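In the block that follows, a single chain appears as structure tokens, in the form predicted on its own.
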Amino acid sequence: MTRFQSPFVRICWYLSLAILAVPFVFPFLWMLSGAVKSQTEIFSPSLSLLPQTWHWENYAEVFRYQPFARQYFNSLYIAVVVTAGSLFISSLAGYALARIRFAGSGLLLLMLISALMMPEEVTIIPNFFLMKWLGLMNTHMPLILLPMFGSQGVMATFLMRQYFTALPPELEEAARMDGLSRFGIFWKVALPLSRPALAAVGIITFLFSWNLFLEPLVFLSDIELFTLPLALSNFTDAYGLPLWHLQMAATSLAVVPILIVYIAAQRQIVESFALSGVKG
């Protein structure tokens, strides 16, 4: 019997992993606990995870305090639109950079990669004036266009390009002999084979759009148009101090789509990152 087949060793491994998971799981449990506590009980000296009185009305108060349902829908539909648009654009651009040889393709790829080195804090002011000139202030369009064509879109294009580069060229040659056009080869051969990379790009893009804070803070002023990250910071009292019990309740609701994405696609996440990081 090998060392990893021993029941005693397995138990030790599980106990060690459970202990290592405590620092990562405890903040999440504290958030869930704070969501059903009163404002004063959250910072009580006991610091117990179990509340003395379960305040389930905190969740109802979240929706009465501000239009949280509308803000939840705003984040959800923006993330879905950005994800779908980024998948379409990055797959086309990545395939073109990987398979189509044209003058300046290497220079174009270098310029795209260099855009990843520029933080969004540097580009937010030019983007602000651009969106103001286009008349898109206080709308959701900046939150859709900037992730699709900004640094996040560049990263998505680079990941797709790396995956398409690793595909065997013999597949395209066989498809070309069958009479498929360039777009037909992309649509019927390359794209179906790139599902792991598409899963990676889709998950990364969805999480990026869902967690955007700076762009909504700069471009939005109407509370009805707020997204969740901006709405969470708006649970304050008359003096501007955080209402922690409402923030914890709202945050616990905000993480639900993220948990669903990770639970449903955790295998694709691991496989896609391994493929995009090693091949190419």
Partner chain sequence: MAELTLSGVCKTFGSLQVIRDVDLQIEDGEFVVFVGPSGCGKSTLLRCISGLVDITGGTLEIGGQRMNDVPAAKRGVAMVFQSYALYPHLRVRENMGFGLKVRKLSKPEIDRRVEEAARTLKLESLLDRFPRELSGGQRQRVAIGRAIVGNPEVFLFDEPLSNLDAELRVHMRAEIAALHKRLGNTMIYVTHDQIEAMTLADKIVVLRDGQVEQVGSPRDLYYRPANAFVAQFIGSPKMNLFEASGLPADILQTARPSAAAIRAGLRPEDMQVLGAGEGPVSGRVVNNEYTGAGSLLHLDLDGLGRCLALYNGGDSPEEGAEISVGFDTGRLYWFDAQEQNTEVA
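Numbering follows the first chain given and starts at 1. Since the structure is predicted, the reported quantities are computational estimates derived from the model, not experimental observations.
One more form of this protein, predicted together with the partner chain, exists but is not displayed; see below.
Asker: Does the partner chain get within 4.5 angstroms of any non-hydrogen atom of residue 110 in the predicted complex?
Answerer: Residue 110: no contact with the partner chain in the predicted complex.
Asker: My question is simply whether residue 171 lines the interface with the partner chain in the predicted complex - judged by any non-hydrogen atom within 4.5 Å.
Answerer: Yes, residue 171 sits close enough to the partner chain in the predicted complex that at least one of its heavy atoms falls within 4.5 Å.
Asker: With the partner left out of view, is residue 177 within 4.5 angstroms of the partner chain in the predicted complex by any non-hydrogen atom?
Answerer: The answer is yes: residue 177 has a heavy atom within 4.5 Å of the partner chain.
Asker: According to a 4.5 angstroms non-hydrogen atom cut-off, is residue 195 in contact with the partner chain in the predicted complex?
Answerer: So residue 195 counts as contacting the partner chain.
Asker: Exactly one residue in 144, 97, 189, 131 has a non-hydrogen atom within 4.5 Å of the partner chain in the predicted complex; which is it?
Answerer: Looking at 144, 97, 189, 131 one by one, just 189 meets the 4.5 Å heavy-atom criterion.
Asker: Tell me the stretch among 177-185, 69-77, 114-122, 86-94 that has any heavy atom within 4.5 angstroms of the partner chain in the predicted complex.
Answerer: Stretch with heavy atoms near the partner: 177-185.
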